[in-house]
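Same chain, two forms, each on its own as structure tokens: structure 1, then structure 2.
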Structure 1
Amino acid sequence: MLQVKNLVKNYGSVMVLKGINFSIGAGTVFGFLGPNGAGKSTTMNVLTGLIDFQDGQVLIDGLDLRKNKDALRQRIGYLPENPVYYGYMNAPEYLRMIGDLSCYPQKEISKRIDELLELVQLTDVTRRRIGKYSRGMKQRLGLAVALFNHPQYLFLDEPTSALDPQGRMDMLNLVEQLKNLEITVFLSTHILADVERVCDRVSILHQGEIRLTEDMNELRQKFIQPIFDLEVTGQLDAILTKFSGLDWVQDVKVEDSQLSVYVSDPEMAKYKLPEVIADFNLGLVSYKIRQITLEDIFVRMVKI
């Protein structure tokens, strides 16, 4: 288990992490969400031992990261957002270099390289120079590098952010396969659909503070109520004031002529929403009910 307790990180006078807390169970895929500048990369750099922090505690399998940094790094794999390679090498050459640098048993390096190239689906391009790889191929090679020493904890920093749809699918399929290897995955991303697909648990970070940490199933149950999307014509100021005074309306988001109404009582909303629109002489262009998504929850948590 990985535990983060009251973690504080400052850069000069700027407090980037403001006493954050969360925990990650062994063998789970943990999604770490937040808008740009929220502190996601800083958190990942702290947890992987790349930078120090001012206050708090990080425990990995009960061991304090500060006191056991060298030993714990052996349990950690890390894929940065933009991995850098020697472009003149091919994948087996590069992985052999990683094995040599990490003091992997020499007799087992070739076998490990073959295992990893098969896992990340690069066996067909072993002779191609890395400099000729696509972005998706480079990300998959980066995953092989991060996995070389059989880490128990794998940190992925925006692994799909610049990939095409096929590349994203390939990477997410690999993340799902890691569950079978009982590797704990920390996935930092801003792509909410990726989190919904592969993560067991999620935290939302905003302005250096944790706004939410939940198991995905519990999160869906907590925010299970549907959203009413209304497109209307006319002035919206008065109706927004009206909505704020209704106890069955939890929140309202406005974008141009589109109202997204979050409610606590869907049955009442089905009957009352059209009545409220009519009372204010607004034209109702369209009306639909949809299930809440992680994106909706994210927007509410960070108040974008």
Structure 2
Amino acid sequence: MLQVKNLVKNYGSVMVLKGINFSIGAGTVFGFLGPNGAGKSTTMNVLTGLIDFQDGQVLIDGLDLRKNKDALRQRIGYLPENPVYYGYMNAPEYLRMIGDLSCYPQKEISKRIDELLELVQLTDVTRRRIGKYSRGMKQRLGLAVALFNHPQYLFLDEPTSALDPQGRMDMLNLVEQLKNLEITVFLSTHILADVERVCDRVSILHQGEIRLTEDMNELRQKFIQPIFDLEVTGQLDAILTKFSGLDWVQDVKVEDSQLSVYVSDPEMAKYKLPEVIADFNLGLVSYKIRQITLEDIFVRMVKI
């Protein structure tokens, strides 16, 4: 269980995190969304104990992060946005160092290195110095580093950003496997399709504030529901007044002759909406039911 309470982080006079709250249950894959500069990486750096914060509290398994840094770091794996290595080492040398640093059982280090290099598919380049790796290869190696000591909490900051399509699929498959191992994954990304695929719960962060935190299932029910897109000719005023009086219509957005009708009960709307249109003597140019996506929610949340 990871709990973040009223977390505030300042860089100089700039408040980057303005008191954010959320909690993540064990074994959850938590998607952390937000536009560039929202504060995703900053949050991750705080949660992994790498930078301090000004106010609030972070609890991991009920332990205060500030007071139990050493103990908690043993349970955390972090793949930062831009992983940095000692470039003159090769991957096995670096992983061996990580093994020592995380106090991994001495005798099992070699086995673990082979296992991980296999997992992230870097077995062909074990002799090459990491400084000569491509960005995607560095990201793969970063995953191996993050996973080294079997962490219970895994923080992945845009883990698929430099990967080729195959690498991206592999990474997502892996995250799904981790779910079965009861590992809690905290995943920040811009790629909404990835979130929809693997996440159980999402948060949208914007300008240092959490705009929404929701279980994916509930999100699908609550937000991910159809919108009725209508294109009509004629006077719109009357019908808009009518819509605002109907309790099954949540919201109507107008753009020229385009109407987007958000409804609370899509099943009912399928029957009622054509009736309403017919009542107003309007020309119906097109009538489409659009499935709202996470992308729409994202755009809506970060616009406000």
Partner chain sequence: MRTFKAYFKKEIIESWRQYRYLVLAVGFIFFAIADPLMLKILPTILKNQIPAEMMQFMQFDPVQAVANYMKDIYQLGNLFVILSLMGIISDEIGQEKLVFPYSKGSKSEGIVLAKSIHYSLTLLFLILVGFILNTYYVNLLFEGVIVGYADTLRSGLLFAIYYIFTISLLLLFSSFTRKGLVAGMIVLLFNYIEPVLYNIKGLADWLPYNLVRQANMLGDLNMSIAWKSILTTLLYAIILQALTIWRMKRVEVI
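Quick caveat: nothing in here was measured; it's all calculated off a predicted structure. So that the term is clear: the rigid core is the largest set of C-alpha atoms that superpose within 1.5 Å between two forms. Counting starts at 1 with the first residue of structure 1 and goes up one by one along its sequence.
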| task | Report the structure number, 1 or 2, for the form predicted alone. | result | 1
| Once everything's superposed on the core, is L50 shifted 2 Å or more at the Cα between the two structures? | no
| message | After core superposition, I'd like to know whether L95 moves between the two structures (criterion: C-alpha shift of 2 angstroms or more). | response | yes
| Exceeds or equals 2 Å, Cα of L284 between the two structures, core fit | yes
| Core-referenced Cα shift (Å), P274, between the two structures | 9.2
| field | Rigid-core-superposed Cα shift at D124 between the two structures, Å | value | 6.8
| query | Quick one: CA shift at L141 between the two structures, core fit, Å? | reply | 3.0
